[in-house]
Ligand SMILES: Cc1cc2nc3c(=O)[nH]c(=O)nc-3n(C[C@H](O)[C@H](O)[C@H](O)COP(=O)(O)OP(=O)(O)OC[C@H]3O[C@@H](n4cnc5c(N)ncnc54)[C@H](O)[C@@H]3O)c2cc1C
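Next up: just one chain, as structure tokens, the form predicted on its own.
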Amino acid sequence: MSYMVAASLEQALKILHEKGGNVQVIAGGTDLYLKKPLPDLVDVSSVPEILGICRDEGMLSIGAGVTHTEAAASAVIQSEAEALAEACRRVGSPQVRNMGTIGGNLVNAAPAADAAVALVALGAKALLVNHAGSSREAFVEDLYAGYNCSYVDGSSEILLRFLVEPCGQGMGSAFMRFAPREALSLPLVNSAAFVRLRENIIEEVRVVIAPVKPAPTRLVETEKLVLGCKPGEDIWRKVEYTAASEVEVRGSLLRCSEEYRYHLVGVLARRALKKAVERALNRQRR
């Protein structure tokens, strides 16, 4: 077994190329070590290109190596991508949040990965580069290949950054999570929402729920229901019913019944969307 620490992106890509698929990228390692990684690892946690949070041509550029703690504490993310800050604040425990990265949360491909659920709601794109130096962009939801299976190949490419449109005038986002306890507990259901208002009318919306499929899932019928509408209590009641009716969930003796999870889907979708709308309205008043 070997553990190599890359000081630069160039060095990391060179190692991937030389090893020809027999090495695996690692950053925080909080998920990877539980999955029995390849014997040879290349640590990219110090590579500058995957670190930091900045604005780039009108977008928020968030390094894949940014930890959950860093994202939750970022003033920029708190003010312009609230759902992501809220999601990262709920991941694991302080120790996990201090080590685990946003990129790792996605690449691990757990269906209800909190940060990934928020990123899908925010319409985030991921920027990746492979060992040959070729780069590609993909929407976060398109990187899920199946349950705990990612289209990001950690033996030949590196996830660099996420690009997110910052929430400006008339825009808002929110994240909600329900779990048996506050820390070290997988969510029974989590949800995130994004809205853009024009004259108090919803003109753009994304509502995401998990875990109902192998990937964070957009509630398409719920989005259609509210698009073009003025938010109000009658809409929120319909959102709760529609969200619960357009998914399929499973119950278990260990976690919760099927009926209770359907209830949670509706309630959390409504709460996330309502909070996102409240934030968008607040921005309109500024």
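This structure is a prediction, so every number in the text was calculated from the model and none was measured. Note that residue numbering follows the sequence shown and begins at 1.
Although it is not shown, the form predicted in complex with this ligand is what the next lines describe.
- Contact annotation: of the candidates V205, C167, V107, A124, the single residue with a non-hydrogen atom within 4.5 angstroms of this ligand in the predicted bound form is V107.
- Comment: this ligand is not present in this chain, but in the predicted bound form one of T217, T242, T69, T30 has a heavy atom within 4.5 Å of it, namely T30.
- In the predicted bound form, no residue of the candidate spot (A83, P231 and I235) has a heavy atom lying within 4.5 Å of this ligand.
- In the predicted bound form, G154 approaches this ligand with a heavy atom inside 4.5 Å.
- Interface residue remark: I62 is not counted as part of the site for this ligand in the predicted bound form, having no heavy atom within 4.5 Å.
- When contacts are judged by a 4.5 Å heavy atom cut-off, I26 counts as touching this ligand in the predicted bound form.
- Though the partner is left out of this view, L184 does reach within 4.5 Å of this ligand in the predicted bound form, counting heavy atoms only.
- Only one segment in the set 70 to 78, 87 to 95, 206 to 214, 132 to 140 has residues whose heavy atoms sit within 4.5 Å of this ligand in the predicted bound form; it is 87 to 95.
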